[in-house]
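Below, in structure tokens: the form predicted alone, a single chain.
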């Protein structure tokens, strides 16, 4: 048997991100009024002159950013990322570079300013999603067509709006680009743009979707861990849609979402879980219910998530393990009754505790096997029950048989 040891390479400005593991993504905009997702303009081929009146008429009277922040925090989330501008080009902030914004429409509000104020007051880290793609801007495809002057005008617009977001809303924790597929990093002048972002927001974390690596990777709708030492974040929906879609009823259960959070955490990543608010700004009741259920689980078991690092143990018949400091957490999504067997743990176990009841669990350890005995016959938690193994020294495991 050979030994496996796992370490992390970290940057100081990434520390909070590596510790957080759980954030809220929000896809919301004028497209919500059409109730068919955020790509409706493109997929249904809405001409700009027909879509603009929809955007200008949108007025979300039930938008309560303090409620959003409260629900995110109650769910155990440590940061929030919201769409400041999606691919349709309509801005939820008061840009000086265009009138195509909520501040110059029936809404008459800078929605991102209100959200920023609520996040800062509530102690929730704030990030802005910003789409580099822009179906509304006349110069968006100029570079693709070989029109260098038009492309420069478009880049001036994009860089200018990114500057506004980094200058006018207080401290930002995340810049979450999207829609960069038409050009490579050089085509976006991404290095120049991101240098500006870091100058304005020195502690910010930047994702990889301006077509340069920056701080972290962003697999979408699936779990795909980056190489050890590289930060990453899975973004995922609660049903099958990002923006509000009235016909999408395929909601994942709270158990499924918790299992995904645990798996992502075990592999050293973050889960950015999406909510698509309704047109008026209220969260769908199905989303609110799942956030409440996840929050109840996190209040008991959050110690298995926050501050975790990539776990050297990556399999268990019980579910998925996580690692925080010198503790291994066995997150049992499959409860097996009064006895549990765990293989491949090399480090001596000093103590085992069931988090739901704070009950100390009897155990026996021999070579590469650990037996936990005297457990409840039925799972104490309806979503996932967690056992903390307190390890002597740094957790080490054996390799599985090949």
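Since the structure is predicted, the reported quantities are computational estimates derived from the model, not experimental observations. Positions refer to the first chain, counted from 1.
Not pictured, yet referred to below: the form predicted in complex with a small molecule.
Interface residue remark: residue 164 is not counted as part of the site for the small molecule in the predicted bound form, having no heavy atom within 4.5 Å. Though the partner is left out of this view, residue 235 does reach within 4.5 Å of the small molecule in the predicted bound form, counting heavy atoms only.
Taking the partner from the other structure, the small molecule in the predicted bound form has no heavy atom within 4.5 Å of any heavy atom of residue 244. Within this chain, residue 371 is remote from the site of the small molecule in the predicted bound form, having no heavy atom within 4.5 Å. The single contact residue among 93, 329, 90, 176, judged by any heavy atom lying within 4.5 Å of the small molecule in the predicted bound form, is 176. Contact with the small molecule in the predicted bound form, defined as a heavy atom within 4.5 Å, is made by all three of 25, 86 and 220. Heavy atoms within 4.5 Å of the small molecule in the predicted bound form belong, among the stretches 360-368, 48-56, 342-350, 35-43, to residues of 35-43.
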